[in-house]
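Below you will find one chain, with nothing else, as structure tokens; this is the form predicted on its own, and questions on how it binds or moves follow later.
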Amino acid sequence: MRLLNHIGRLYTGTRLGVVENAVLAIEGDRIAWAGPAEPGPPQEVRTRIEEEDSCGGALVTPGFIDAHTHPVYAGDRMAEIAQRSAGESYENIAGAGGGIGATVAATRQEPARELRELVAGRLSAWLRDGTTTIEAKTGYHLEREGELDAVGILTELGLDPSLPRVESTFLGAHAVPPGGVADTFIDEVVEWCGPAAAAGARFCDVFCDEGYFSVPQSRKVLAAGKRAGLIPRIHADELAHSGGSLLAAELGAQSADHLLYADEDDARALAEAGVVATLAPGTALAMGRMPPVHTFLDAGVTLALGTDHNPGTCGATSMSLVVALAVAAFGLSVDEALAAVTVGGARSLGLKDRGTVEAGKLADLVVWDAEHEGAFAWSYGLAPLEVMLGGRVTAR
């Protein structure tokens, strides 16, 4: 057993809140005890401590959880991002061969080994930035073998102890492939759900929105995913008020994501169904529209946050940056934003073994270069001093 001492402030995510002058004991890959240094751990814990490490008065939190990412892609779309910043519409760019179609073309052409290395490099960046669990989607092949290979890459990399824990999502219905027909493609994706689950996917997602897939089409995919044992998630109400939130509630989805055009009725439905609202401040800023965050909170919806890392909108891998953006753009308090990247992230992914600092939870921890959690709202992209995965230091 190992003791981390001289913790200036410990953000627990539990009823203890923030503990000043704290210590925590780690046994194996789990937290054995956490609390104030005085009086400290009970005697039965003290007698088993074999080594102690000082945190130097720093802030310690649970490892952050990024609940929405798209890391399996090749190529870049920097030129079109510059075009959009100059006022060019997404529709015009897509019509000229840009948008998701451009990434699909580049990703399909990338050899499997090189694509795996690209994804591994991105995952490594997340861990260095203090994210210990990441939800990661497929969706840039839009054909059977490529989508299943993408699930396989995520499954394999999720077993690598030098990378964050990966919860993989099958997003075959990300967009209609070039030259495809939506209804025909949806029928194909339905048939891929079982093989995706067998390849290691845990969730099934669909882009239910204006210009992508309708509510009936999305229902068909998510229902097939559920039959295959995949847990539903959904891109909902990002581009228009298209009914995705209500579909999430109807199907009991684990999470509904983006929600820029959601309203009070959607918030009530999500709350009653226990669906987590996973929001992406970086994308909201890029789109120029904020989700109704406080409507969700008033309705009792659990919030999670994600980078929405993808090749066309947001390249961030820092969840501490996302915390800062959620405070500045969404009007969350620091405590609310931290809850959304720890407890809320765990709920978004249906995980009960992480997201808080308490006995029995995974010892996924971050020692931050700060003495107070207010630093997240001041230093955009606050850096970790150490990142621990299962009690083992993986990044400094």
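Please read all numbers here as calculations on a predicted model, not as lab measurements. Start at 1 with the first residue shown and count on from there.
Keep in mind that the form predicted together with a further copy of the same chain is missing from the display, and what follows is about it.
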{"property": "Non-hydrogen atom contact residue 301 with a further copy of the same chain in the predicted complex at 4.5 angstroms", "result": "no"}
{"property": "Non-hydrogen atom contact residue 34 with a further copy of the same chain in the predicted complex at 4.5 angstroms", "result": "no"}
{"property": "Any non-hydrogen atom of residue 349 within 4.5 angstroms of a further copy of the same chain in the predicted complex", "result": "no"}
{"property": "Contact of residue 73 with a further copy of the same chain in the predicted complex (heavy atom, 4.5 Å)", "result": "yes"}
{"property": "In the predicted complex, segment of 172-180, 81-89, 140-148, 226-234 with a heavy atom within 4.5 Å of a further copy of the same chain", "result": "81-89"}
{"property": "313, 217, 242, 107 - the one with a heavy atom within 4.5 Å of a further copy of the same chain in the predicted complex", "result": "313"}
{"property": "Listed residue (198, 112, 285, 96) with a non-hydrogen atom within 4.5 angstroms of a further copy of the same chain in the predicted complex", "result": "285"}
{"property": "Stretch 314-330: residues contacting a further copy of the same chain in the predicted complex, 4.5 Å heavy atom cut-off", "result": "314, 315, 316, 321, 325, 327, 328, 329"}
